[in-house]
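Starting off, we have a lone chain in the form predicted on its own, written out as structure tokens.
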């Protein structure tokens, strides 16, 4: 039984996460076969935070599946001030067939899902970014041909992206090593969950304050902006603290010779990553950005399509070897 919402990668089994990645690969390879799958369906897009990739990929994605979207900015809703989360959920469930919400506190997403009788998708919160992680692991699979047993080194702030990379890596048997400054490590509860699940799938999750240790022999080196939305007042202090965590040619060279570089974007070039790394042939940042579209189409399909429509869609001739 698949969950009715997509709030956190922790809510699923490893098999369900692999299924979503399989479906994303199929949708990417055969887009025309799914072009009518969500015909007549409408997705409400609630944005409390600005976005390029999330906005475009969900907007284009639902249209490519035959549906429609409606964009709702803070001006229209202003959650918790102009209207309560409960009232918004109860209004939207009578007019649309799904809700994507990009907001600040994770509790807002949880509450929206609890109050709305239609599927809710977490487009980003301060705690997690599950859609990004699904696109990331789809990209890694395309680049490496497998996931289980690989090492992913995340260098930088132990933020929402780090949490979701840990959660997904633990589900897929990946060895995730996080390097963050003292006081900026991932949430302890998130780390404990990832370690427990990784022990069941053959992966691992480690945290260090030394980026050279994390990157050593990594298959993937990943970083994110040092200052996230809502933290602008801390920007100058963070630049000084995170300077030793810059992914430059010297640090990247400690990874495997065929390692790839990834970044969820937007990138602050010259801060968390240098041009010589992000613009190198081993950088997959734009393929990664494109895969937001395909991963999220898979999520929308799983949550929003009718069973009768799903039965008419092509089935995989062979399950992708995500765990080989």
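Numbering follows the first chain given and starts at 1. For clarity, every value in this text was computed on a predicted model and none was experimentally measured.
The discussion below concerns the form predicted together with ligand NVA, not included here.
Contact with ligand NVA, judged by heavy atoms within 4.5 Å in the predicted bound form, is confined among 208 to 216, 123 to 131, 176 to 184, 72 to 80 to 123 to 131. Contact annotation for residue 33: none of its heavy atoms lies within 4.5 Å of ligand NVA in the predicted bound form. Looking at residue 97, you'd find every heavy atom of it more than 4.5 angstroms from ligand NVA in the predicted bound form. Taking non-hydrogen atoms only, residue 241 never approaches ligand NVA to within 4.5 angstroms in the predicted bound form. None of the heavy atoms of residue 164 is located within 4.5 Å of ligand NVA in the predicted bound form. A heavy atom within 4.5 Å of ligand NVA in the predicted bound form is found for exactly one of 228, 204, 91, 248: 228. Interface residue among 264, 38, 277, 46, judged by heavy atoms within 4.5 Å of ligand NVA in the predicted bound form: 264. For the partner-free chain shown, 159, 160, 161 of 137 to 161 come within 4.5 angstroms of ligand NVA in the predicted bound form, judged by any non-hydrogen atom.
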